[in-house]
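Quick heads-up: it's one chain on its own, the form predicted on its own, in structure tokens.
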Amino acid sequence: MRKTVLNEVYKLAKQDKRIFFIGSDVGAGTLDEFKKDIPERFFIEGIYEQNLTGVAAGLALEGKIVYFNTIATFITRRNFEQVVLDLGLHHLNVRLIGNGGGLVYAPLGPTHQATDDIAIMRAIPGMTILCPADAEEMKRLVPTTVEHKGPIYIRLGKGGDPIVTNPKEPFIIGKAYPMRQGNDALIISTGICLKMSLEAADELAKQGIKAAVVHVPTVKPLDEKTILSLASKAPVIVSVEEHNIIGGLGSAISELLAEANFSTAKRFKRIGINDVFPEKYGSQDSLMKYLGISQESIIKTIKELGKENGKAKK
């Protein structure tokens, strides 16, 4: 996914002289072609993200479109004030590309695990947040960011994730994508959690429970119309994310459902990280399972909520 986004930025930069790239701690050899072909718009700087955010802001104020890439925790936590004041306050066209969203850097522990990045970015007025599910979606996503007004945070997976989106589906910032149909339950997911959500829906279907799945690659602004339309038909709703349940997709959906004032009661549960710093080291997959972010957890939660609602099918 990271290779895809950077290659797409390079392709766009060859066509559009407004596009600049700034990288911090991106690794030797990253975008060598960009460096060779367009050196005047390619900057790899040291690990001082606060300063680089100011540089990006300065370029954007001069009419440039800046793509700034580094590790997700560094680009969100470390320089939060600079992102708020330099980019958010002035609504500048800077695209923050965060490597390793969620638990990708599981071997490095909580300092590198971006489990609160969506929450941090959601708090900034005017910030757009994009969480694609796979490299194919990323390929369709990047061109739409060029003319978008205001700052964007793009959350990257580890790369090599299975392709689960439709390559022929145009990507539109702010749109949610229904992936499965069903009126017994609704699964709302973002990023790489789409795959496990689809697999959970397929397994539930075998058990006689028809669960709809909607993919939300744009966490902010939320596609309220699509989500509420699907939620209105489902007695049971779950959100699934590789993020703390506070402040991320689950919080956004909770707020939306709470204000919807449905005439019939809904049973809702957030699946994610339960307000803790992940205490273990390992692989991304092992930590996700340990923290209850899995196909099995989705199935179990939907069935339990269905029983509580009196809608469970056996």
Partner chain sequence: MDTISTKLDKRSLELRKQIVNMMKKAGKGHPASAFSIVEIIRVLYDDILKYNPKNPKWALRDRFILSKGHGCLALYVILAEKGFFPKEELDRFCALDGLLGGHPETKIPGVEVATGSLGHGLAVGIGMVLAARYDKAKHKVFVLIGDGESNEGAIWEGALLAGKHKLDSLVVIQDYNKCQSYNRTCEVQDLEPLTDKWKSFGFAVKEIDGHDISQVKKALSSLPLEKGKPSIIICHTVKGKGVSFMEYNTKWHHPKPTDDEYEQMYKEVCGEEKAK
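Positions refer to the first chain, counted from 1. Worth saying up front: this structure is predicted, and the values here are computed from it rather than measured.
Keep in mind the form predicted in complex with its partner chain is missing from the figure; the text below concerns it.
Peer 1: Please run the contact check for Asp275 against its partner chain in the model of the complex: heavy atoms, 4.5 angstroms, yes or no?
Peer 2: Result no; Asp275 lies far from its partner chain in the model of the complex.
Peer 1: Given that the partner is absent here, does Ile163 sit within 4.5 Å of its partner chain in the model of the complex, heavy atoms only?
Peer 2: Heavy-atom contact with its partner chain at 4.5 Å: absent for Ile163.
Peer 1: Verify the contact flag for Asp134: yes if a non-hydrogen atom of it lies within 4.5 Å of a non-hydrogen atom of its partner chain in the model of the complex, no if not.
Peer 2: So Asp134 does not count as contacting its partner chain.
Peer 1: Is the gap between Leu61 and its partner chain in the model of the complex 4.5 Å or less for some heavy atom pair?
Peer 2: Heavy-atom contact with its partner chain at 4.5 Å: present for Leu61.
Peer 1: Among 78-86, 95-103, 111-119, 170-178, which stretch has residues whose heavy atoms lie within 4.5 Å of its partner chain in the model of the complex?
Peer 2: This holds for exactly one stretch, 78-86.
Peer 1: Considering its partner chain in the model of the complex, which of Leu31, Met288, Ala57, Ala252 comes within 4.5 Å of it through any heavy atom?
Peer 2: That would be Ala57.
Peer 1: Counting only non-hydrogen atoms and a 4.5 Å cut-off, give the residues of 30-63 close to its partner chain in the model of the complex.
Peer 2: Residues within 4.5 Å: Glu40, Arg41, Phe43, Ile44, Glu45, Tyr48, Gln50, Asn51, Leu52, Gly54, Val55, Ala57, Gly58, Leu59, Leu61, Glu62.
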